[in-house]
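Consider the single chain below, provided in structure tokens and representing the form predicted on its own.
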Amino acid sequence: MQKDKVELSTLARMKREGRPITMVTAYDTPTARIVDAAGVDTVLVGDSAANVVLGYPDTIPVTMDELLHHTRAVKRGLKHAMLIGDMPFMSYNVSVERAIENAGRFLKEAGADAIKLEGGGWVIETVRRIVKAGIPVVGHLGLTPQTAGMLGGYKVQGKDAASARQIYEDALGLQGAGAFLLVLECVPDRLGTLIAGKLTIPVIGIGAGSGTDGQVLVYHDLVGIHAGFAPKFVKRYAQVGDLMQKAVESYCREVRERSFPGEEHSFKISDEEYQALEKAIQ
């Protein structure tokens, strides 16, 4: 179980030693405390907060201020894990200057250790400039949810030689631009293994097979809180959502039956004290 504070050098060493890296999303202080105590290496305040906890239909609507709010909350719950803030849609797309400013806000205002952004191509130069400004960057390739519509929807990427080559070249470009970590989403397992073997920086997979340098899952998917569709790459390690609902159902039933609160949940006073207060409020 991880006890020391995870640094960039920690993750680089884990890759060299062949020790898999764990990453989980979190969006509030209680969750942060749970995953940190469980020994997770890196915590991502993902733009998945949009649909997982804020009720948006996808990740597009979530704003910088909303993600900064969640990142600050997660920061207060961490002792050991590295904290990564996710750059939302249009926070780094308008200009390099805007991208640097917004990336800096995650560190300066929310206490993040690093930021993550999606894409290759033109994004590579933006990454280079952000890193040059002194901000650690995590890249994200394969299925990039913020631009999923341009990729043909939420589908496996890199299945043909041309698209696989492009992902690989973008991965090399991000590494060359100074990214210290790469998230690779929804690609064939062999491609995930191949790219992880070619890069010197760690590659964290989500739907990229077991041959990457680590894995990431959304917390609510992992523990079974998030209802509805679950992608193929999700494994539910518990069904906490069912337990939570049953707890609330029991509460509602006991309130309606007047069996809660019981004697043990109530504050008592003596007959003399009651007579005094009764007289005072007549």
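In this text, residue numbers run from 1 along the sequence as written. Please read all numbers here as calculations on a predicted model, not as lab measurements.
Not pictured, yet referred to below: the form predicted in complex with a small molecule.
Put simply, Ile206 is close to the small molecule in the predicted complex: some heavy atom of it is within 4.5 Å. Val35 falls outside the set of residues with a heavy atom inside 4.5 Å of the small molecule in the predicted complex.
The small molecule is not shown here, and in the predicted complex it never comes within 4.5 Å of any heavy atom of Val43.
The closest non-hydrogen atom of Val216 lies within 4.5 Å of the small molecule in the predicted complex. Only one of Val183, Val187, Ala112, Val127 comes within 4.5 Å of the small molecule in the predicted complex through a heavy atom, and that residue is Val183.
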